[in-house]
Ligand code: NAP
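Presented as structure tokens, the chain that follows is alone, the form predicted alone.
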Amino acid sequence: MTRRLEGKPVAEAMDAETRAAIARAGPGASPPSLVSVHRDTDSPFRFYLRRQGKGAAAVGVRFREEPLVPTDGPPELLERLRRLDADPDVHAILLEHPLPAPFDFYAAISAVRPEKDVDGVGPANLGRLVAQRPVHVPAVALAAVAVARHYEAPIEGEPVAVVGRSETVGLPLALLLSSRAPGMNASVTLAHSRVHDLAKVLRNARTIFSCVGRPNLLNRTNVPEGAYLIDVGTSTVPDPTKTSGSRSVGDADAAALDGWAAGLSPVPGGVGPVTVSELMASTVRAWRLGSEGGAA
């Protein structure tokens, strides 16, 4: 029987810790604040945006949106980020990614100090992650690891695979898993959607993290029997039984892997809920760094 690696209990425990951390500051302290900068369009980010608002309210983080108007271009975005970065009442800034042309996401996020780049996706934070001195780490990567550790999936000293090499999920995840941090120290193989023989690459992996966004990429032909699978990929497929006409799925063929994998995180309901909780925890960290004068 494949164990279902639900994210809800992981998120609930994390939220309780975040609320306690804010409460320890005392009733007179100004709570942490998070500002989410985004295009005012019906993009996939809007779903994440709604979850940010609910997650912030649940733990006591002040949250607001800063939508870009259609006439805003790269100069306006840069000016807005610089203004927020200079505002002492703003502790954490999240910028929607990816951004379409002509916006340059990395040029924009570079205007934000590492302490306020709460999702850890700017060049400074990614560089610090390579040096194993991170200020913030991307919330999705942290959430995937949190789910794996909660259910005691093999990581430390074990062969682990990451499928997907994006700068915001796959690469940071591989760096985090191979770091010297407690519970990490994995021997990591970084694979991706263009690998010719994925089964060969994954055959020794005890735990697999997948973040490609391709339905049914992982199944019994390429996942070793008894492996744990943390599914971070999200895609939309047609489903006439749903009111919307579609549903979200991960990279794993969950039906095929049932009874084959040792554990599988569902999509939705696995890493997703924990991502928001990790974002709130990182916002509290940014709040603390602001009061302490920044990162070392």
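Fair warning: this is a prediction, and the values are worked out from it, not measured in the lab. We number the residues from 1 along the sequence you see.
Only in words, not in the display: the form predicted together with the ligand, which the text now covers.
Highlighted residues Ser166, Gly213 and Thr275: every one comes within 4.5 Å of the ligand in the predicted complex, counting any heavy atom. Distance criterion of 4.5 Å from any heavy atom to the ligand in the predicted complex singles out Val140 from the list Val140, Ala186, Leu94, Ile208. Among Lys200, Arg82, His192, Arg220, the residue placing a heavy atom within 4.5 Å of the ligand in the predicted complex is His192.
Comment: 267-275 is the region of 58-66, 267-275, 252-260, 31-39 lying near the ligand in the predicted complex, near meaning a non-hydrogen atom within 4.5 Å. Although the partner is absent here, Ala227 is not a contact residue: none of its heavy atoms lies within 4.5 angstroms of the ligand in the predicted complex. The shortest heavy atom separation between Ser248 and the ligand in the predicted complex exceeds 4.5 Å. Along 231-269, these residues reach a heavy atom to within 4.5 Å of the ligand in the predicted complex: Val232, Gly233, Thr234.
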